[in-house]
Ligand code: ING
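Okay, here we've got a single chain as structure tokens, the form predicted alone, with questions on binding and movement later.
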Amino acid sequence: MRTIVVGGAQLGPIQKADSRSAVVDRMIALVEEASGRDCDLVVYPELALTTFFPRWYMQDQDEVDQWFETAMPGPDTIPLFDKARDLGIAMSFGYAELTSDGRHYNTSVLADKHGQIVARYRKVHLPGHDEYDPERSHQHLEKRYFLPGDLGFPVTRALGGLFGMCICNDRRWPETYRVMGLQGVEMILLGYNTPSVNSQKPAEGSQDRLFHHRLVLQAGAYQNSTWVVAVAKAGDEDGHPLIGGSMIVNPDGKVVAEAVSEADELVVHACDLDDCTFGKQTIFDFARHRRTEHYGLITGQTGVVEPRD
């Protein structure tokens, strides 16, 4: 057995006026709770340090850049890294990254139990749009504020297993899981901020959004025989509700732990990485069963091209 006790550290809403230090205090409280529940790893959401700022239309780049971190850890997050290191807990969380050469990414990192960052991921599948859209009930301007990730979907050896990361909208794309699956991934760490209402389809409410959320997590876990730990920032941020639904899914695609609130909440499960082995050696033994000669369209074509009459 290779058992890792994982805590999904869901965060409730973060308002636009909330300071990073106040948010970090909440994150520290969750990692302290995780220590009391014998967690080895704590996973926080996407953009864990701030409100989901892409809902706001901004034209002043200085105003945009205030939401980004130029160093990780930085002045506001060092206390979190110190606390996790002192408790001997690894952690993963998302934030807005501004690189030294001026590039903006939606990023997640994985830090080991010594507080050292051992893996970094930059969100590939950016949803939304890049200009103000008056037809929407709220804006979703990730394409305006972030570049698509440039690191692919790396898988890293850590904590005695093979770990990957993705962020929010990435979870809806089967290629996300399969690229990591082809590297033998045993646990995918996934943070998200998902509005409770689809601004382009008002009839799609929170229950529909939670259904689609569970659907893709369970399918991705099962089809790649991997654990998936998905963690929300949830609740009402300045009048804009986000779904909860933080959960841990096992390699058979079953939900084994799930949040019950839209507030700060720790979802804990003891995950045996050896549970991935059966699926990887049988129905999803890629080396024996995949037929890549028939998959060329996946990487050779981006949009839909319908067959001729």
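Keep in mind it's a predicted model, so treat the numbers as computed, not measured. One rule holds for the numbers: they count along the sequence shown, beginning at 1.
This protein has a second form, the form predicted together with the ligand, left out of what is shown; the following refers to that one.
Taking the partner from the other structure, the ligand in the predicted bound form has a heavy atom within 4.5 Å of a heavy atom of E142. Using a 4.5 Å cutoff between non-hydrogen atoms, T77 does not count as a contact of the ligand in the predicted bound form. Remark: N224 does not count among the residues lining the ligand in the predicted bound form, judged by a heavy atom distance of 4.5 Å or less. Using a 4.5 angstroms threshold between heavy atoms, P127 counts as touching the ligand in the predicted bound form. Of the candidate stretches 157 to 165, 189 to 197, 233 to 241, 92 to 100, only 189 to 197 has residues with heavy atoms within 4.5 Å of the ligand in the predicted bound form. Along 51 to 73, one residue reaches a heavy atom to within 4.5 Å of the ligand in the predicted bound form: F52.
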